[in-house]
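Quick setup: one chain, the form predicted alone, written in structure tokens, and binding and motion questions come after.
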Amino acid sequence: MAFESFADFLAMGKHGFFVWTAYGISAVLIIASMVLALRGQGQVRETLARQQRRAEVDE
């Protein structure tokens, strides 16, 4: 698909609002998923470290 100008590219044949909204929502969801995964990973690491400290104290 070729566009005459950058404005035509952004307009996407009068469907630009829907196209760019879909891209925006997708980007937000992907970023939120990554942030939640990293936060969860940090919580798991903290829990494992706490359990390891308890095991070392009990020995």
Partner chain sequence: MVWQTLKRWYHMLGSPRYFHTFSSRVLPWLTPIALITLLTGLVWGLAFAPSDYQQGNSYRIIFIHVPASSGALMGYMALGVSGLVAVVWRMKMAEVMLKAIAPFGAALAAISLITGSLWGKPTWGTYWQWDARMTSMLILLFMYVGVIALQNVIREPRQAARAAGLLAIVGVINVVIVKYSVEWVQTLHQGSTLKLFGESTINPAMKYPLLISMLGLWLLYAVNVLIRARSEVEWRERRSKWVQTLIRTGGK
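Positions refer to the first chain, counted from 1. Small disclaimer: the values here were computed from a predicted structure and weren't measured.
Unshown form predicted in complex with its partner chain; subsequent notes refer to it.
- Its partner chain in the predicted complex is approached by residue 2, whose closest heavy atom lies within 4.5 angstroms of it.
- Under a 4.5 angstroms non-hydrogen atom cutoff, its partner chain in the predicted complex lacks residue 58 among its neighbouring residues.
- Along 15 to 33, residues 15, 17, 18, 19, 20, 21, 22, 23, 25, 26, 29, 30, 33 each place a heavy atom within 4.5 Å of its partner chain in the predicted complex.
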